[in-house]
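We begin with a single chain expressed as structure tokens, specifically the form predicted alone.
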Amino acid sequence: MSRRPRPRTVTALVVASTLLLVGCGSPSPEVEREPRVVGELLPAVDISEMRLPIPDEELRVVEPGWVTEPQYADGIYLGGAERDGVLEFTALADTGEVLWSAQRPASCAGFVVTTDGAGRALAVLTDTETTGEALAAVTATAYELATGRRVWGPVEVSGPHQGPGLVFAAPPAGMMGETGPRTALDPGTGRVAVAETASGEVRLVGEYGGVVLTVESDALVARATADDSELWRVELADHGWGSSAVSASPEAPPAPGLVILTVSDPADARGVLIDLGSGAVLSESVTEVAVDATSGALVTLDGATLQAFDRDREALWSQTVAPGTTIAALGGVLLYLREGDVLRVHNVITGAVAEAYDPGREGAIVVPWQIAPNGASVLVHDRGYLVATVYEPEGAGDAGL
């Protein structure tokens, strides 16, 4: 099993999901499920033949070997690498130190980085064990992202991970078809917070760091997973949305507190940007969204219109871009755009074209994929994911279980 990295629009992967289903049910080697402390710095890779963004040129770059898209929270990345037939997850600090690792079978294993109601970053790993005749139940277990200490679990879930967040469902009866009713877990406890009803009165959209979005009758409703309290509701008719047309976007949330949903109608499907805290609909026609964690600037792409807003959501600038333009990354006030095979960089505050690469340097251009608030970043290279780390830690091996 192998997954190659791909550029995507994302700035802070606080809540996202990855699902691995290749070979589900096939025999797997013995795995070491419990996290173990590693506390070792990854060695630096040779970047002499790479053209890194100027802000990353002086940083130490490491290669974790992940085959899954890494997820991020609180200065720590989590990704999976296939080793000897099992999937090994590693929690990597933005210093380049591997904090801990845990293994799962390389089939039916999913993972989510999320936060509980107290803002604690968690790694939730799914698992399944097989018998000689059939699949056993799928389970989920939560660990502190920083230490690998178990927080809850394993708890049995309704099926493989579906997402966004801690959403699970039984697989279709056949290779294709609808999944079973979906359930969402509370990140803090692992208990079922919301379950879809057989009557369809409650339809799960996604779980986002302790907030579950549902469609209930004629409204989009946000509920706290901790106590099921209603946080806000948006009447669908106020925006012309049909109850069956609102779903989670495949795009990861662009930043904590923001969610992208997809609203479909007979004519087309469009992205809707929502403030998760208030329910305010910030835009009803976005194709991509990114947030600069450094300046707080928000960038939206709607077809051929690129717009930037400041931290207070006041307009900064707007430009028309070529069809097919996508956002590769945003961070350190630099906006990386792809136009076909061309990479163009803008200053997100002014909109002016910026020079992000040393023109005197030779080698293949390495494009950022995610840029953390402190400047650490995940880079996409033909060798896979690289991480530009921020500083050398004073000591390693302090994670402790």
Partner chain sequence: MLAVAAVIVALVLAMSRNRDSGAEPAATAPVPGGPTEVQGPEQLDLRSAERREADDLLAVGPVDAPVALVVFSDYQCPFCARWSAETLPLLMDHVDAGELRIEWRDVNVFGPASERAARASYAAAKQGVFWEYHDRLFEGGATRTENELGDEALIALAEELGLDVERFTADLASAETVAQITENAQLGIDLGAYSTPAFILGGQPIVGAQPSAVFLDAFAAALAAAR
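Numbering follows the first chain given and starts at 1. All values derive from a computational prediction rather than experimental measurement.
Not on display, but discussed next: the form predicted in complex with its partner chain.
- Comparing 66 to 74, 371 to 379, 36 to 44, 358 to 366 against its partner chain in the model of the complex, the single stretch with non-hydrogen atoms within 4.5 angstroms of it is 358 to 366.
- When its partner chain is considered in the model of the complex, Arg60 lies well away from it, no heavy atom lying within 4.5 Å.
- Although the partner is absent here, Val31 sits far enough away that none of its heavy atoms falls within 4.5 Å of its partner chain in the model of the complex.
- When contacts are judged by a 4.5 Å heavy atom cut-off, Thr183 does not count as touching its partner chain in the model of the complex.
- The closest non-hydrogen atom of Ala198 lies beyond 4.5 Å of its partner chain in the model of the complex.
- Three-residue candidate spot Thr305, Glu339 and Leu343; every residue lies within 4.5 angstroms of its partner chain in the model of the complex by at least one non-hydrogen atom.
- Of the residues Ser217, Ser278, Gln319, Ser285, just one reaches its partner chain in the model of the complex with a heavy atom at 4.5 Å or closer; this is Gln319.
- Looking at 196 to 230, no residue comes within 4.5 Å of its partner chain in the model of the complex, counting any heavy atom.
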